[in-house]
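Here's a solo chain for you in structure tokens, the form predicted alone.
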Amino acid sequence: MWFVRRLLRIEIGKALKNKAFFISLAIGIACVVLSLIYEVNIYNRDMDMAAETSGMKQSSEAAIYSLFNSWIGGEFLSLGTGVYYFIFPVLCALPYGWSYCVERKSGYVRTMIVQCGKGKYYVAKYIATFMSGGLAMVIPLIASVMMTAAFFPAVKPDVIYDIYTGVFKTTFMSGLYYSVPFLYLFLLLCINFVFCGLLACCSMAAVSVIRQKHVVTLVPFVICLALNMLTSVMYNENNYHNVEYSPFYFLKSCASRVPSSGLVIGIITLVLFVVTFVTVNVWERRHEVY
């Protein structure tokens, strides 16, 4: 058991202490800063205009601005948000999704399997890859919440301003958003962590059929693009059964296209887990490593 824990610590250390992980975080936080600058500028502009027209700096328009619709996951207009929620699949795979591919080519996998066995190695590698992908996603999001809180009040959202929050009655966890917004944020970050951790594991699983390091890193992005196309294919002009299938959108709190569904998110997450876990811990274990 001690060897398993030691192996897991080694793999997690390799995942979180390499340059690619810090590069991913740097890109994510740069997007967060871009989003924050945009939101602060818009807020100051609107407050100045309100002061000119009403003579009061604090106007009724101030009620539409809060932490919960100004952080990067709660707004959908800035360049930072647009870029981040488009490239995040790559940022999740960049820290460690490629590692199994490199270690397999170098012969490191064979050495580790001889020392600790296939089962222990693959489980440790899977967990480390999962954690690196999840943390690469949520650390910038947590930074966004903290930085945004320095400029915007944490006022509980009001449903009458749903056009500004983008969280409507049919939006996933909308009741929680308007009643206990901090719990909503926590759960949304957990969903982001789990989903993006599994996306990173998709890169690891793809090594079963792909041997190029850079190609496997792009696999999560391709998966998200396919799900994004599915939303367009399933879209109904009469608004019947319109549900968001794209991670580019359902990982945010605001519904910028069609409402997200907890059932859909849960099914997609479960499918990713089953496919990646079975591929890595069943398929790879039953085949020789060359």
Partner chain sequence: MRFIRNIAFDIRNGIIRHFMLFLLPALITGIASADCVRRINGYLETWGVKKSTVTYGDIWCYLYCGMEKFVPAPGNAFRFPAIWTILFSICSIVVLTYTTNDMLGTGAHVMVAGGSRGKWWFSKVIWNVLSTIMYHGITLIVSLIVCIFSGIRIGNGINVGLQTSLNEIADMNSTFKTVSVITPVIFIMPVIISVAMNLLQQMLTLFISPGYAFICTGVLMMASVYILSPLLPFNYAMALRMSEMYEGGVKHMYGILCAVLIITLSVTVGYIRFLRYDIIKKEDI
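Numbering follows the first chain given and starts at 1. Remember, predicted model here, so these are calculated numbers, not experimental data.
What comes next is about the form predicted together with its partner chain, which does not appear here.
Residue Val83 is the only one of Val83, Val155, Cys116, Ile142 with a heavy atom lying within 4.5 Å of its partner chain in the model of the complex. This chain lacks the partner; the member of Val109, Ile87, Val123, Val194 within 4.5 angstroms of its partner chain in the model of the complex by a non-hydrogen atom is Ile87. Stretch-level contact check against its partner chain in the model of the complex with heavy atoms at 4.5 Å: of 175-183, 134-142, 160-168, 200-208, the positive one is 160-168. The shortest heavy atom separation between Ile23 and its partner chain in the model of the complex is within 4.5 Å. In the model of the complex, its partner chain stays beyond 4.5 Å of every heavy atom belonging to Ile72.
With a 4.5 Å cutoff on heavy atoms, Arg104 does not count as touching its partner chain in the model of the complex; it lies far away.
Although the partner is absent here, Ile27 is a contact residue: one of its heavy atoms lies within 4.5 angstroms of its partner chain in the model of the complex.
For the stretch 200-225, the set of residues having any non-hydrogen atom within 4.5 angstroms of its partner chain in the model of the complex comprises Gln212, Lys213, His214, Val215, Thr217, Leu218, Phe221, Val222, Leu225, in sequence order.
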